[in-house]
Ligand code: NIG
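Presented below, as structure tokens, is a lone chain in the form predicted on its own.
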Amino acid sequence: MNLFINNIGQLVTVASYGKRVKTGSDMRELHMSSNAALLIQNGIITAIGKNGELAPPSDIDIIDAEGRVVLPGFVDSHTHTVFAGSRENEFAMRAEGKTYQQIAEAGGGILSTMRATREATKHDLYKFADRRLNDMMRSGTTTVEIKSGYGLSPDTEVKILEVISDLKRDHYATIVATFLGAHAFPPESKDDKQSYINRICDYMLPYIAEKKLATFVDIFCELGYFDLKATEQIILESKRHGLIPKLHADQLNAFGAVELGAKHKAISVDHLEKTNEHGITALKNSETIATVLPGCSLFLNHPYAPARSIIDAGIPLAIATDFNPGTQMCYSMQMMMTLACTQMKMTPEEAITASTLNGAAALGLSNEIGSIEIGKQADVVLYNVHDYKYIPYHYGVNHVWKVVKNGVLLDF
């Protein structure tokens, strides 16, 4: 589709000029222009200029932005969007003071969603996730990473990844699949955890790689779940099959997970609520992206990741939602930006960069998406506001006016 967008009040490009990520003070540089126009042809951005100076070709669809703000589409690089069931009872238990471990011992937690997801059909999982993706896009998210991890058995993990593959084929959103079989230990392996680790390495990873069901492999590296030895075993086997490692790291304890991810060149380490100076030093000496998940801290009333220290150390930082049924039931990247500004000492400019270009880099896609630049995919969102800073300032509402994905104006 060919589009011409004119009368843009603020065009926030987040241009990187060929750089994979923005770090340090560069995260505040949005390369914004006012009174701007944008030309999109065959789904690609082909021209950027001043309104009145950039003329549209004949017979092209025109969107009059009427002074509104235009940003790149959000890139949500950490979600668990395919699942069945809900866990509002656990939400109530936490309100009464129950801990994560107490909820798990009562039959809740990941295993609760595992049971519902194992019982669900592929059709149902697809339907649930499709609806969620539509809502995400209405809120300005145009690229979504989706993890498996609620099957915890070969058959159900593959079922989830096949649903993600079907969504990737059918949905307007750009979807990236991650295998998270190492999310928890299933009940049938509680007395022999190594047998489940071996099942991941000897069966699941080769099959998933052969069928091209995932790009990344994630591991919940945490005390009581997958320790450093098990995590390293899975990382090495993943890389042997051409799959790229990610890690859930330093969410509840800092015991070397971030350092392990940096050592093995994980594309990102995510959570980081407990990251200390050792983890920050390891990330400084690597190309691994630090992905923070402020919604999880809000929902669980946990400390926030040290985003300010990470940015000031020159480490590339991304923001994602961690949307999931147990610990973060929100997929609004606009809300994540507000939390980043109010709770993590980030500026609005840093939050935008972390939610777009750096999020794309956490998926290996920043050469294609994440900024509004000539030659990049036309994923642009028009907001019904007069200034980009208004988006995180006026929180709890959806400011999106129109969404353009791959050059197509979506009709919600």
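Position 1 is the first residue in the sequence shown; the rest follow in order. Note that the structure is a prediction, hence the values are computed from the model and not measured.
Keep in mind that the form predicted together with the named molecule is not shown, yet the notes after this line are about it.
Screening 323 to 331, 200 to 208, 275 to 283, 120 to 128 for residues having heavy atoms within 4.5 Å of the named molecule in the model of the complex returns a single hit, 323 to 331.
Although the partner is absent here, Tyr100 sits close enough that one of its heavy atoms falls within 4.5 Å of the named molecule in the model of the complex. Shown alone here, Phe74 lies farther than 4.5 Å from the named molecule in the model of the complex, counting heavy atoms only. Proximity of Ile110 to the named molecule in the model of the complex falls within the 4.5 Å heavy atom cutoff.
Residue contact with the named molecule in the model of the complex: Arg132 places no heavy atom within 4.5 Å of it. The listed set Leu161, Val217, Ile315, Cys296 contains one residue whose heavy atoms approach the named molecule in the model of the complex to within 4.5 Å, identified as Cys296. The candidate spot formed by Thr81, Lys168 and Lys246 lies out of contact with the named molecule in the model of the complex, as no residue has a heavy atom within 4.5 Å of it. Contacts between stretch 263 to 288 and the named molecule, counted in the model of the complex as any heavy atom lying within 4.5 Å, involve His271 alone.
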